[in-house]
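Next comes just one chain, in structure tokens: the form predicted alone.
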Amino acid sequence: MKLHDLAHQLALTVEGDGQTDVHRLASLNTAQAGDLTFVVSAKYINALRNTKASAVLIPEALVADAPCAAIVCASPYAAYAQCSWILHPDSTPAPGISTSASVHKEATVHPTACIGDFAVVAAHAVIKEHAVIGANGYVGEHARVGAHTRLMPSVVLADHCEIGEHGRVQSGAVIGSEGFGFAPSSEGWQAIHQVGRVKIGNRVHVGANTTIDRGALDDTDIADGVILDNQIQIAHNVKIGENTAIAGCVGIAGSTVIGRNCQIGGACNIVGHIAIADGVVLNAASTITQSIVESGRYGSAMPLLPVSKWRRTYAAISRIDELVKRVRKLERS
């Protein structure tokens, strides 16, 4: 692709030879002729000056340091994200229903949709235009898949659950599993029938092996633009606001409400029945046991230390209660 053609698709301008050919993306250090790379700040200026790429996505302030043609952009990382789809387009299966798929006669499948090998589409399910249901996938009764949404192989979208348009769900994800609801009784644990749904908005990404439980009574609700990494557990009745990003291995207990534009680091544990305000950033491995009412960055995990120092620190922490009592006694005296 000619660089000026790529820049036109991005609505950006070229500095240098717009006839330069670019074929793929590569990092600054590994790029060769025909590659397009990107740089986000002056922190990488030495790598920029030595790159062998044919072209670079670059902020205007660094154009003079580029040894090659450039596309000038305010946000090179965002432009790189767009280019990743243009130069490396997704392979989309042809429309149609595989002969090995099982589609109920009362399901509605748009002619432009694709139903993969051995997939199952149950009664009254609705598959909208250009949606893709991957091999071995399952779409339950009265479930709904929006236009241009792709469920990778072996995804489960359970009964009555729905996902909006332009979504992407990675393999092994289960949407609409039974929530972990049990009541103690004289005979042991009595299961509570989970009768809510999972409702997922538009442009939502769900990572591999992530599980989203259906609501007990009200729905579990994932708003537009949310991105979920791999192996996340979202319990019943959780609400997640628009454009929130959640990294891998996070566990969110039931009836938690998470605001818009939050960023939750990997391996965070969030207890149930609390609320997290809009714009909150949680450091990785934090444990959240109470509501957060103001935006900002929060963390609770102890940073990594050499073992010898960690042992001394931990020993000191274990004596804090005793030290506080001694300080109060000294203050009184």
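Position 1 is the first residue in the sequence shown; the rest follow in order. Computed from a predicted model, the values in this text were never measured in an experiment.
The form predicted together with a further copy of the same chain exists for this protein as well; it is not shown, and the discussion that follows is about that form.
Undergrad: Does every residue of 27, 288 and 292 put a non-hydrogen atom within 4.5 angstroms of a further copy of the same chain in the model of the complex?
TA: Per the other structure, all of 27, 288 and 292 touch a further copy of the same chain.
Undergrad: Taking a further copy of the same chain as it sits in the model of the complex, is residue 183 near enough to touch it, meaning that at least one heavy atom pair lies within 4.5 angstroms?
TA: Close contact exists here: in the model of the complex, residue 183 approaches a further copy of the same chain to within 4.5 Å, heavy atoms only.
Undergrad: Do residue 165 and a further copy of the same chain share at least one heavy atom pair within 4.5 Å in the model of the complex?
TA: It does not: once a further copy of the same chain is placed as it appears in the model of the complex, residue 165 has no heavy atom within 4.5 Å of it.
Undergrad: When the contact criterion is heavy atoms within 4.5 Å, does residue 275 count as touching a further copy of the same chain in the model of the complex?
TA: Because no heavy atom of residue 275 falls inside 4.5 Å of a further copy of the same chain in the model of the complex, the answer is no.
Undergrad: How about residue 172: is it within 4.5 Å of a further copy of the same chain in the model of the complex, going by heavy atoms?
TA: Residue 172: contacts a further copy of the same chain in the model of the complex.
Undergrad: If you check 211, 108, 112, 255 against a further copy of the same chain in the model of the complex, which one has a heavy atom within 4.5 Å?
TA: The option sitting close enough to the partner is 211.
Undergrad: Given that a further copy of the same chain is left out here, which of 305, 42, 64, 33 has a heavy atom within 4.5 Å of it in the model of the complex?
TA: That would be 305.
Undergrad: Given a 4.5 Å distance limit between heavy atoms, list every residue of 79 to 115 close to a further copy of the same chain in the model of the complex, or none if there are none.
TA: Read in sequence order, the residues that approach a further copy of the same chain (within 4.5 Å, in the model of the complex) are 80, 81, 82, 84, 85, 88, 89, 90, 91, 100, 101, 102.
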